[in-house]
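Just the one chain here, laid out as structure tokens, in the form predicted on its own.
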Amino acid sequence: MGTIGAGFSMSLDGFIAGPDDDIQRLFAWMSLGDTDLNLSSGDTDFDLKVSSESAENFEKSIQSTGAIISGRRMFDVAGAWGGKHPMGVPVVVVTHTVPQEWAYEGSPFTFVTDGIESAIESARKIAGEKNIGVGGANITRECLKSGLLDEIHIDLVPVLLGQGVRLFEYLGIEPIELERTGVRVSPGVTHLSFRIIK
């Protein structure tokens, strides 16, 4: 069985998006390298220029991930990724109401209306032995509070945004110990990986 991990590009002051969900500064590092990386989302292709270390991180993550869990807000802000997540894997969306335009046989999206535990159960069935990625600040916080998250991966960007969407705000939990499992420095970003000690 794979791990459950969350991964985000994040500013030094803890924001994963700026005002109005702006992420341009947080993903600027994806054009500072010397290695071509192509991702596609729906009808859109992203031709990225990342460092060889960042490309290796991406490829490893894509190969090892079997499903992603997303909150409805992230799903909507991303415009359902144009119908296909950039990692090319199915997405389980935690929501109160199912968007009927995406609820059809063969859809890359599964909608779960009865909580995070049910979403993880659905994602495990889809992912098999592969890992499950968690996307969205609220869903990540829910997983942390429930003790369901195994790993946290942060692409730390050297910028102070000052406002926006914080990843770890208002957790309301006891301290959680982390073990650092990886550090990679690349142009414009430092990749940090942690295992949650349970």
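The first residue of the shown sequence is 1; numbering continues from there. The shown structure was predicted, so the numbers you read here are calculated from the model rather than taken from an experiment.
The form predicted together with a small molecule is left out here; the points below concern that form.
Only one of 125-133, 53-61, 144-152, 22-30 places residue heavy atoms within 4.5 angstroms of the small molecule in the predicted complex, namely 22-30. With a 4.5 Å cutoff on heavy atoms, T97 counts as touching the small molecule in the predicted complex. The small molecule in the predicted complex is approached by G115, whose closest heavy atom lies within 4.5 angstroms of it. Using a 4.5 Å cutoff between non-hydrogen atoms, L39 does not count as a contact of the small molecule in the predicted complex. At the 4.5 Å threshold, heavy atoms of A137 reach the small molecule in the predicted complex.
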